[in-house]
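The chain below stands alone, shown as structure tokens; this is the form predicted alone.
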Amino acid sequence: MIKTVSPATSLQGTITPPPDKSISQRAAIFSLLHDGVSVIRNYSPAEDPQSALACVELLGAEVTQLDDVVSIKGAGREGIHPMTDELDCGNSGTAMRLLSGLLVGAGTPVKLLGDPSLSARTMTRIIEPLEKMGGYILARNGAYAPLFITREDPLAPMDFELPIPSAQLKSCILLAGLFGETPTRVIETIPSRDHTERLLQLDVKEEGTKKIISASRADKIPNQSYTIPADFSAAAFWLVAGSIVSESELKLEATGLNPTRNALLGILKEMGADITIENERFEGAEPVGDIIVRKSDLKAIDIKKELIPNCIDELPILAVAMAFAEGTSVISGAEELRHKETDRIMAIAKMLDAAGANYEEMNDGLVIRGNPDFSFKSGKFQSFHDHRIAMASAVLSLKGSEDSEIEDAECAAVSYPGFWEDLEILGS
């Protein structure tokens, strides 16, 4: 689908961004392990969480879904009985990595499949530690899905220091550890998203600059009945759009404010964005609030390596903000972007190039020479079948002087099925 986006002179209105994909998938997977019924409200209709939900059902959970309310009767740690030899994770790296840990822990032989995009992403980072824990994983070319997972030897709990700040890797190891008689400890030196330890109420200790998260069979799996917050990563597109489009004021209701997810808030505020938060509260273990953003004058910023894990998904849309900021902005230490749904550093560069922005591509990031008066006529943007690139291109298109086109725009549905409708509502 080619989507045409017209220039906007103003964005006004109130919306609730879509449910958080990461939390939705964790809620479903953790509900499988809970020995009881969890009722999850505002469950994400996006493709990835639906893939995770289907996998959970095939592993023995009883799932009932009515609109955005999902009821899951868990199988418990001892009751995981696959109804099939194959589980299709679709495009969800979260589902594949977390379920790999769960299946190694449970000792359940299953083949995990993915779509062509997911099957092109390396799984080496989870394969090596899971095999040290006693799992056996046969992967295509030793690194890629499909993954044939089993465990015949006893589970070997271990101490594992994260080589990179990765919430999916951390969660994978902790889920395997939940089946161990003694604790598995994940040692984190650079913070990553902490949804798993929050939702599972795992023991977390601080030792100097390190955070140590422990998981074992002694940990009771809590009920997962709560309302999923709105996705901060989805709200990020409107935070930038509201900051750069003239005469804009947007309110984003019930948005997740997890401090390991919302670095973009601080980054945009440091750039000069007019952002306020109202009605702060908790939904389950997660903080939420209503975010208000107004048009503002932005200035350039350098994004240091230590901030990257906390804003990795927001970097495509942050690059758009940088194009309209005064001065030269730098994103560095973000080589992980090259291993997402597509090579996102390359995709961001192509997006900026299509609009005629002034930038330089680096191995681990970008240098963007911004200009508040930057203007372009129109653009023909490639999404590279990447939902975040498609939506970032749409926000960039709002600043053109004529209509722009975005190829394969339907991919936005991977994380934000109603994105194009919300764009029309706010632009009207």
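Keep in mind that what you see is a predicted model, and the values were worked out from it rather than measured. Residue numbers run from 1 along the displayed sequence.
Absent from the display: the form predicted in complex with a small molecule. The rest refers to it.
- Mapping the unseen interface onto this chain, K340 counts among the residues with a heavy atom inside 4.5 Å of the small molecule in the predicted complex.
- In the predicted complex, the small molecule sits within 4.5 Å of a heavy atom belonging to D313.
- In the predicted complex, the small molecule lies within 4.5 Å of some heavy atom of P165.
- For E336, a non-hydrogen atom is located within 4.5 Å of the small molecule in the predicted complex, even though that partner is not displayed.
- Looking at 5-13, 19-27, 401-409, 416-424, the stretch with residues near the small molecule in the predicted complex, meaning non-hydrogen atoms within 4.5 angstroms, turns out to be 19-27.
- For the options T227, T94, N258, S216, the one in contact with the small molecule in the predicted complex, meaning a heavy atom within 4.5 Å, is T94.
- A heavy atom within 4.5 Å of the small molecule in the predicted complex is found for one listed residue only; from K295, R151, K251, R125, this is R125.
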